[in-house]
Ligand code: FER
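Single chain ahead, written as structure tokens, the form predicted alone.
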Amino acid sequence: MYIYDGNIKLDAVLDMPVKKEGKCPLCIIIHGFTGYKEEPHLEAVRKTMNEVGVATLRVDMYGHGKSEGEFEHHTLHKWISNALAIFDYAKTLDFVSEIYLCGHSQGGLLSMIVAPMERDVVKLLIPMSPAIVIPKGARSGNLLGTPFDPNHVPEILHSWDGRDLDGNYVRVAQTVDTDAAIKNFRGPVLLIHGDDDGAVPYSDSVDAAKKYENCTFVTIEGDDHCYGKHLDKVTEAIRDYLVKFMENR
């Protein structure tokens, strides 16, 4: 299926709970930088949510996966626009009782930014290994290991996987205020991060967890950015949290 953000077609998959009686929650799941909706860690999260009674909506964002747009020209502003279009679609689904938002890496950062924009709708926020380092690095002059002059942003940078990235990506990222986004979301947050993450600093999530008003922080000990060692611990944390959360709704 597809969701349209203006004239941009976003590839999406809607998965229903294993057992569904009446209305159910829906969780929007967003992948990360260079990622896509079928990545193993996202599939595992989707499966866990479906098993405990939550529908999931996974979407390839602009320039990623099977969606339209060129990777080189994607920015956080375009992803924010994508996310708002996804929310507009989710709000039309008559089986949905409430909406949750989950994102990994850049998708985790995006979820943190978008949650306060949809504060009346997002009943639970789940950032996974959020790439708070992206706006920090854009301002300091190092984008995921690529150095540059932050006061004179080049027209083209090279991403960590060798692909070109438009300088507008950095210019947009420099404007992102993660602290303001955290301050403006007062709903419940489940923040998950591996403490052996070599891609984005674990310490950024430690700091973010302290700033949220209502945050449960789960450390996946000895694990990397995409939970290649202890993915079961991630799904266990999500399962346990969701079961208790939904029991109290």
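Because the structure is a prediction, the values reported are computed rather than measured. One-based numbering along the sequence shown.
One more form of this protein should be noted, the form predicted in complex with the ligand, which is absent from this view; the next part is about it.
Screening 89-97, 133-141, 115-123, 175-183 for residues having heavy atoms within 4.5 Å of the ligand in the model of the complex returns a single hit, 133-141. Only one of Ala44, Val52, Val218, Ala199 lies close to the ligand in the model of the complex, with a heavy atom inside 4.5 Å, and it is Ala199. The ligand in the model of the complex is not approached by Asn82, whose heavy atoms all lie more than 4.5 angstroms from it.
For Gln106, a non-hydrogen atom is located within 4.5 Å of the ligand in the model of the complex, even though that partner is not displayed. Using a 4.5 Å cutoff between non-hydrogen atoms, Lys233 does not count as a contact of the ligand in the model of the complex.
Although the partner is absent from this view, His225 contacts the ligand in the model of the complex, with a non-hydrogen atom inside 4.5 angstroms. In the model of the complex, the residues of 21-43 lying within 4.5 Å of the ligand by at least one heavy atom are, in order, Gly32, Phe33.
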